[in-house]
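One chain follows as structure tokens, the form predicted alone.
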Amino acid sequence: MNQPTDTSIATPVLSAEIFIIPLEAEKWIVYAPLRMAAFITNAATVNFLADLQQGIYSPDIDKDGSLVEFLRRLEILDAGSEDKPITIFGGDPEPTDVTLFLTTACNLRCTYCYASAGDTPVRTMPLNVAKRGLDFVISNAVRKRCSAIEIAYHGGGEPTVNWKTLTASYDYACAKSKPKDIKVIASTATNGVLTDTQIDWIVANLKGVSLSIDGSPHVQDRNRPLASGKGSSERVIHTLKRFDEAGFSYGLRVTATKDQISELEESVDYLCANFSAVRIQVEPAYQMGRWKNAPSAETDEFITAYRKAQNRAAQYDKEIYYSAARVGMLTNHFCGITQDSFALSPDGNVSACYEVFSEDNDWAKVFFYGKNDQGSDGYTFDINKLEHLRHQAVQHRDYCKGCYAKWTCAGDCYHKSLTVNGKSEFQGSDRCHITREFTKDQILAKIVASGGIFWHEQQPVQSPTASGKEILV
């Protein structure tokens, strides 16, 4: 039945923040991120929505009312206000998880190492520094009645090189937490150059591992040689085979340098065919540290190679992913920097960023916001620095306001944006283009998986927040 066209009809109200994403051949995606909804349409519908944004409604354009009814089903029209996925942290941090930067030493000499590990004086965390941090998060967990604490072993080198502190700190955390009925969940980043004794301990004690490997043996050996200059692939493959035999949970991380982009599909195929990991993170090499002056891999060539590698992984029922493209996760935080992340340097000072692991880092004055309090068992925090970091959440970034990826990317990595823009207002980067392209791919995949006409999920999923005092808005 045709909808009446008299002027007494109420104008439908746009109830979603929408973005129009161009496709080829006069087609567009209409995307409402906070409704987790999207569909592909033509110019007439795009113009209809543009008019509604101006408060203009012409019933003759939608004579039978079917378009309006469709948009209502997607909560784009007449659905009330949207809840923005914004959490704001305040007061002194009360973390229940800690990242321990165990050492700047490394048994590899990766060509693109963001930390230039092996080129700088070695700093190693003593056990008493780790214990102090663990006591702090355990006391917070008790006070907040949390059932678990989390420990991440990381740093500007290979964490397992400081094996004594790694294992002793884990044992200490378990011993202190058990009487309080608090579980210890621990994981580590690693380059995979491990002894069998270390592998056995990791399998027996850690929840998971993020292991860096760049693909097939010749790529791995070229990009990630041992400190001796020999290839590392044989050692890393041994570790992965041991993990697979034990049924141990791990993820893989591939870094693509510009000269390796053409081999990315082959490398992903090798990893999928030979190892059990079902998810593989793929990132272009960061122009930091040892790779600071190298050619950028943040290019359209990388986008093309990534898509080919993605298709290849799908043939194995596996997935590759890029950190800033994550449709389905709604948040104003890219990472822990804006969520009071609590990471300890070897000297016991507090950083918000796992890439800024040393007080000598170029951006240490931005990211280091605390130090141990000699008069207590806790830490002293510079609230001004902390508030600056909290303010880097995406709702405060003018550049991001018109970007359709903003509630999923959440502004991307603040440390990387500083390397591109300095302290000036963020003006975007080559990573932004990559993020938008992969976000668009994911939206299209959601539409296809939902039947090919539209995508709509009723309950938005917000990312987990870091431990701390947070205010929901």
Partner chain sequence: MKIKVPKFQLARVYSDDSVKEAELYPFNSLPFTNFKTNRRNFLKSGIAIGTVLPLLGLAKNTNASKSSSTQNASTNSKPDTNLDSLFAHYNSVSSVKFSPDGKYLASGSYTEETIKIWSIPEGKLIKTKNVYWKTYSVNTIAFSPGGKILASGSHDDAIKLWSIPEGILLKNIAVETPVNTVAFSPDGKILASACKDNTVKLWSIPEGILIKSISGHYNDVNTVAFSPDGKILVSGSGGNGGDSETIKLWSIPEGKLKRTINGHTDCVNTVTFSPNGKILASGSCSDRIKIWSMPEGTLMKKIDGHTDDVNTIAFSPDGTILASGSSDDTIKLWSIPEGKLIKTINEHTDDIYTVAFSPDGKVLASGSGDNTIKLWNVSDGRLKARLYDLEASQIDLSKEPSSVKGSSYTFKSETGQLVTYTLPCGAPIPTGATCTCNCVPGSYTGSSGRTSGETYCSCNKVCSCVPVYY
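Numbering follows the first chain given and starts at 1. Computed from a predicted model, the values in this text were never measured in an experiment.
Beyond what is shown, the protein has a form predicted in complex with the partner chain; the following relates to that form.
When contacts are judged by a 4.5 Å heavy atom cut-off, Ser249 does not count as touching the partner chain in the model of the complex. When contacts are judged by a 4.5 Å heavy atom cut-off, Ser450 counts as touching the partner chain in the model of the complex. Residue contact with the partner chain in the model of the complex: Tyr321 places no heavy atom within 4.5 Å of it. The partner chain is not shown here, but in the model of the complex it comes within 4.5 Å of a heavy atom of Ala314. Scanning Gly80, Pro179, Gly402, Gly229 against the partner chain in the model of the complex with a 4.5 Å heavy atom cut-off leaves one residue, Gly402. If you check the partner chain in the model of the complex, you find a heavy atom from every one of Gln53, Leu74 and Phe454 within 4.5 Å. Comparing 259 to 267, 338 to 346, 111 to 119, 356 to 364 against the partner chain in the model of the complex, the single stretch with non-hydrogen atoms within 4.5 angstroms of it is 259 to 267. Residues of 26 to 50 placing a heavy atom within 4.5 Å of the partner chain in the model of the complex, in sequence order: Glu26, Lys27, Trp28, Phe39, Ile40, Thr41, Asn42, Ala43, Ala44, Thr45, Val46, Asn47, Leu49, Ala50.
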